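Only one chain is shown below, in structure tokens, and it's the form predicted alone.
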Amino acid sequence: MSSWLPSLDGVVQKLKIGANVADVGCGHGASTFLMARAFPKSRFYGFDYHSGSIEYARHVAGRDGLLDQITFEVASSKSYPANGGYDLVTFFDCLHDMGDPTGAAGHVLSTLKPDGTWMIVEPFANDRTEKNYNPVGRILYSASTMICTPASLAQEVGAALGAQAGEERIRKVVTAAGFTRFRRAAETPFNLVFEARP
């Protein structure tokens, strides 16, 4: 994550000064805690639909003395509160699992400040299927078949993007929701990092 946030235009500067951040699909809060510790002047809100994960994240935040900086709430990607608007919204490895990723993207747009940024981290995938025939692609296709695609199909809409969605499919989701700017900001052998802006 130390190279992902700096790849976004102007985001690190905002975080250093004090930004409002939503970490959607935060699970146990690992990503939320990393960002909060790195940027103590910023305020973080972690959201996940799974109440057990949020309960655990709250426990860790209390244990580590971070309750003044972080709030964890049970909420879905299409219902989390705006809290006055966010400078940054993050989705770490979760957009492709959602039944209605376009609906989630639309909600993100409605909660961002006009100059806000949405960071979307997704599994690394090329747009063409045959370009994913490599060791990493094979692992991610297996995970997609057993976990990601069934999870999406079990929800409303059931878009089933899967772990190997690729940049163009993510772009279509983001722009269909009304975002006007979208780019690949960074990549690793396992992840693609996208930046979307209103």
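Just so it is clear, the model here is predicted, and its values are computed rather than measured. When you see a residue number, it is the position in the sequence shown, counting from 1.
Quick note: we don't show the form predicted together with a small molecule, though the next part is all about it.
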- Can any non-hydrogen atom of Asp97 be found within 4.5 angstroms of the small molecule in the model of the complex? yes
- Query: Is there any non-hydrogen atom of Tyr56 lying within 4.5 Å of the small molecule in the model of the complex?
  - Reply: no
- in the model of the complex, Gly27 touching the small molecule (heavy atom, 4.5 Å): yes
- Exercise: Asn132 in contact with the small molecule in the model of the complex, heavy atom 4.5 Å: no
- Message: Please identify, from 135 to 143, 45 to 53, 59 to 67, 161 to 169, the stretch that has a heavy atom within 4.5 Å of the small molecule in the model of the complex.
- Response: 45 to 53
- the small molecule: the contacting residue among Ser76, Asn126, Thr102, Thr71 in the model of the complex [heavy atom, 4.5 Å]: Ser76
